[in-house]
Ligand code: AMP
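A lone chain, given as structure tokens: the form predicted alone.
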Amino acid sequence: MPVTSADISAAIRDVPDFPKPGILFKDITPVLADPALLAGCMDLLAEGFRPGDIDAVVGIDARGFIFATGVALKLNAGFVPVRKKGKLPYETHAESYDLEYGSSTVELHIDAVKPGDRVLLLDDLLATGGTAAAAVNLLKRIDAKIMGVRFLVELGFLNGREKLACSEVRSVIQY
């Protein structure tokens, strides 16, 4: 029987007051530890795509890498990491974005995604949307064709989806 989003949601552990008081952290490590649930995540994140539909699955640093590599294998596509500034060894494209206090930058190698490449962008969590929006903007700036943006978990009450200038945004689980 296929794994459902309800199965995955039931395995996600709530951790109160992490990383600071007042935050209810959604811990996906029990999902990652269960091979059937992990495989189900890959199936649900890849849903609607077949091998050959996507040239590259782009994963956002760091937990997005877990899901993006599995989905890339499933779709017979390459994997491309979007990393925090200074973590990639070669020349990069960069996109900065604002945080609550300060700013941050994400990067990808200049030869990792080419204009016209069909990409699927993945991350584990959509919260406020800053990092995902920066990744979307970066991919658009280099003329990649964004076929979809997918998240395992979305915290809808934080309205991160509103920052994403994409029509194809999906989450497996929404809180």
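Since the structure is predicted, the reported quantities are computational estimates derived from the model, not experimental observations. A residue's number is simply how far along the shown sequence it sits, counting from 1.
Beyond what is shown, the protein has a form predicted together with adenosine monophosphate; the following relates to that form.
- Among the residues Leu37, Leu125, Ala112, Leu44, the one placing a heavy atom within 4.5 Å of adenosine monophosphate in the predicted bound form is Leu125.
- Contact between Cys166 and adenosine monophosphate in the predicted bound form is not found at the 4.5 Å heavy atom cutoff.
- In the predicted bound form, Arg118 stays away from adenosine monophosphate, with no heavy atom inside 4.5 Å.
- In the predicted bound form, adenosine monophosphate sits beyond 4.5 Å of every heavy atom of Gly148.
- For Gly130, a non-hydrogen atom is located within 4.5 Å of adenosine monophosphate in the predicted bound form, even though that partner is not displayed.
- The candidate stretches are 66 to 74, 140 to 148, 22 to 30, 49 to 57, and the one lying within 4.5 Å of adenosine monophosphate in the predicted bound form by heavy atoms is 22 to 30.
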